[in-house]
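A single chain, nothing else alongside it, follows as structure tokens in the form predicted alone.
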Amino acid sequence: MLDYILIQAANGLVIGVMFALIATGLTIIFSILKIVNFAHGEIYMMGGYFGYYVITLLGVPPFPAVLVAMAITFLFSIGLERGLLTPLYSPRIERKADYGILITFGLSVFLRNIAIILFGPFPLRPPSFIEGSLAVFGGLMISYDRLVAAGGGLLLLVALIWFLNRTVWGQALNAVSQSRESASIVGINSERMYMLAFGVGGALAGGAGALIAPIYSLSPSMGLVPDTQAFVIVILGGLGSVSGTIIAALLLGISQNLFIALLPDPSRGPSYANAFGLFIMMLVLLFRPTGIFGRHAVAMD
């Protein structure tokens, strides 16, 4: 029984790392642009498809294909931000939060349906990173693809933390997230930071999609559940807190997998997974309304 619990916790860690990649991208976009991106799950989905076609059409090996998919998703996200969100920065738009919700929600529906047209409704799966499984915990198996996804995700999270804390661009993003007016005084172009934040957030989601594709396969609706979980994680970790988001994602991934595994009827567990996350969120918010490491959010002027 202990071996079974440990393997489920390991699988939960893999899921938690993927949740962390998606949710940190959502956190960065919210903390800089001050809008909720309802199309984030669809950008995650597009990143998975970008990785698949980079491998199958261009012959790029699976490992470099993840980085190529992230680069494409970065440019794709910047294009979306430039084409659809620039009215947010104009004083002519009075209700900016409402505009952001309507645009990103409409974009999510559009991307999901265009994916059905372009990629088809049937699941697709790229080749494995490494074939086979590793025997752990008394003979129970964990696939190499899961280990690669977890390791690659952790490397991307470490790179993100280094970028935010050790580079000029990362420090500029942090300055804009705290005060756009103060950042402008010291010469930081806020609109450029909005574009960078949306691109980085999209690249993280796209990287998660490319890493998870060999494990669960790709479909146009694959972003719906992770998107919901990402919103839960962002609220749990605290709006605008990258470190809180990462911690909340790992805790939720592990605890959710253990919850599913320990149910008397594990076959029904996935049906309750989203409800479990929402239940944990409600418990945390009862005692800490701002989340684990949250700070008070400010709406876009």
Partner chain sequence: MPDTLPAIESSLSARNLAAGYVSGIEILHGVSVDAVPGQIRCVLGPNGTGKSTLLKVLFGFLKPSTGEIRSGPTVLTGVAPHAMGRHGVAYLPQRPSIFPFLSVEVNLRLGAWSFRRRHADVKRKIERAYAQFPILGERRNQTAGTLSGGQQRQLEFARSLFPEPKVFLIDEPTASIEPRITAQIYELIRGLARDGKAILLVDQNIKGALGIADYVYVMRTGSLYTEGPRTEFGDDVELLVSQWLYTHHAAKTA
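Numbering follows the first chain given and starts at 1. Quantities reported herein were computed from a predicted structural model and do not represent experimental measurements.
Omitted here: the form predicted in complex with the partner chain. The next part is about that form.
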Contact test in the model of the complex: Gly187 vs the partner chain, heavy atoms, 4.5 Å | yes
Considering only heavy atoms, tell me if Trp169 and the partner chain come within 4.5 Å of each other in the model of the complex.
-> yes
Is Asn174 close enough to touch the partner chain in the model of the complex, meaning at least one heavy atom pair within 4.5 Å?
-> yes
The partner chain contact at Glu131 in the model of the complex, heavy atom, 4.5 Å = no
Using a 4.5 Å heavy atom cut-off, which stretch among 188-196, 122-130, 145-153, 204-212 contacts the partner chain in the model of the complex?
-> 188-196
Residue (of Leu157, Met222, Ile72, Ala183) lying close to the partner chain in the model of the complex, criterion heavy atoms within 4.5 Å | Ala183
